[in-house]
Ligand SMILES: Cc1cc2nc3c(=O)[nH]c(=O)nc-3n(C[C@H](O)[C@H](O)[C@H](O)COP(=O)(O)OP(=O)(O)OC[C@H]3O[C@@H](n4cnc5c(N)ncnc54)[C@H](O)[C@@H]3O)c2cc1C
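The form predicted alone is given below as one chain in structure tokens.
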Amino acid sequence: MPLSNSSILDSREVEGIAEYRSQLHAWLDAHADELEPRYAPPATLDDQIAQMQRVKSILFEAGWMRFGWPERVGGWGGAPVLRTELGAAISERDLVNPGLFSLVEVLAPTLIDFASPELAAEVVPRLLAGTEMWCQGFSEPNSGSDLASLGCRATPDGDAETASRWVINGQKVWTSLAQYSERCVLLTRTGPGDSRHRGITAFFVDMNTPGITVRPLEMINGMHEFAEVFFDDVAVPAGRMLGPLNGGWGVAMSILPYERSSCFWQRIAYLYARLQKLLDVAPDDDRTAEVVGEVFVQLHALRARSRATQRRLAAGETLGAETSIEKVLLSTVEQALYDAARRLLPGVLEMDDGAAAEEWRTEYLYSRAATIYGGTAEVQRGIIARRLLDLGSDQ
């Protein structure tokens, strides 16, 4: 029986996260069969997307996807940490791919904070309920990690202050799940070419708009998670502008706290589960104890730091350069975990054709990108050196 807003668990009655977590896991236990993936591993990307949307639908219907979200967008209110706990719980149970699921945490707050109230109320429930997917159009072929240099241009159809629509031309790349998405949070250049972060505007674009072409990219693990997206004279209503004209940099920066807090927390929960799975199949000897122990210490240190970051965010503090440390730690431990799998399961990742081996192999290959996605390790170490350790200027 679905939860109701006033019966089994009301956010206003939750006395603490521990109680919420206890009730959440009890519900997940009771609905394990309903939530279980309907495919045998290894899953294709199509399988993972279908499973994620199905799980979101069930959780939304039961109420769990509504906790931590404002009532004005279909939520039931409560602290954002409630939805962080949900993401961690379903990630550690292997019900969803945490990387795919975390897009909800990245993009829904953007609409809530920067779209018109009417638009946010219309579309955010669809994302939470699994009836829509959205993507994030930020990266470009010639921008690298320098987001402020993006060139995809939006031109007003008339005067910029009164235009009823804008026309977009350009290209994005490394756009996660663009081929599955109904909408895109898109950064465009609206100022002079040298205006950098001062001349960027964000739009919320329907992906079925004429002029949009999506070309999926194959990754080293054979998945097509990313895509190139081309915009050729794509007309977007002015009402789809997120935030003020030339205020897109603020939109982009608003995503950082969620990406580096709740999304990381979900990923950490998933890595703990994978480490346990490795321990279950590795030889029971001193070498396993040493290798797994090293990864566990790294993972635990990251988890402790991530929890502190979430508390800071919940207290209303602004997150900044210090979150680059967590990004480096996450990249390091993710690769260390899958390196450990390769060491403790010799030949399995390279030679075995079984389903379990294919799963380890796919995730091992994906982990090689951990030092690239979400800001490269080089960039993060530069930020740490210059802004936290005062070892030189940004130039």
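The model shown is predicted, which means the values in this text are computed figures rather than measured ones. Position 1 is the first residue in the sequence shown; the rest follow in order.
Heads up, the form predicted in complex with the named molecule isn't pictured, but that's what we're talking about next.
Taking Phe114, Phe138, Phe230, Phe296 one by one, only a single residue has any non-hydrogen atom within 4.5 Å of the named molecule in the predicted complex, and it is Phe138. The named molecule in the predicted complex comes within 4.5 Å of a heavy atom belonging to Ala369.
A residue is said to contact a partner when one of its heavy atoms sits within 4.5 Å of a partner heavy atom; Phe226 meets this definition for the named molecule in the predicted complex.
Within 4.5 Å of any heavy atom of the named molecule in the predicted complex lies no heavy atom of Glu19. Proximity of Ser176 to the named molecule in the predicted complex: non-hydrogen atoms within 4.5 Å are present. Segments offered: 144 to 152, 288 to 296, 240 to 248, 125 to 133. Contacting the named molecule in the predicted complex at heavy atom distances within 4.5 Å is 144 to 152. In sequence order, Thr376, Glu378, Val379 are the residues of 376 to 390 having a heavy atom within 4.5 Å of the named molecule in the predicted complex; the partner itself is omitted from this view.
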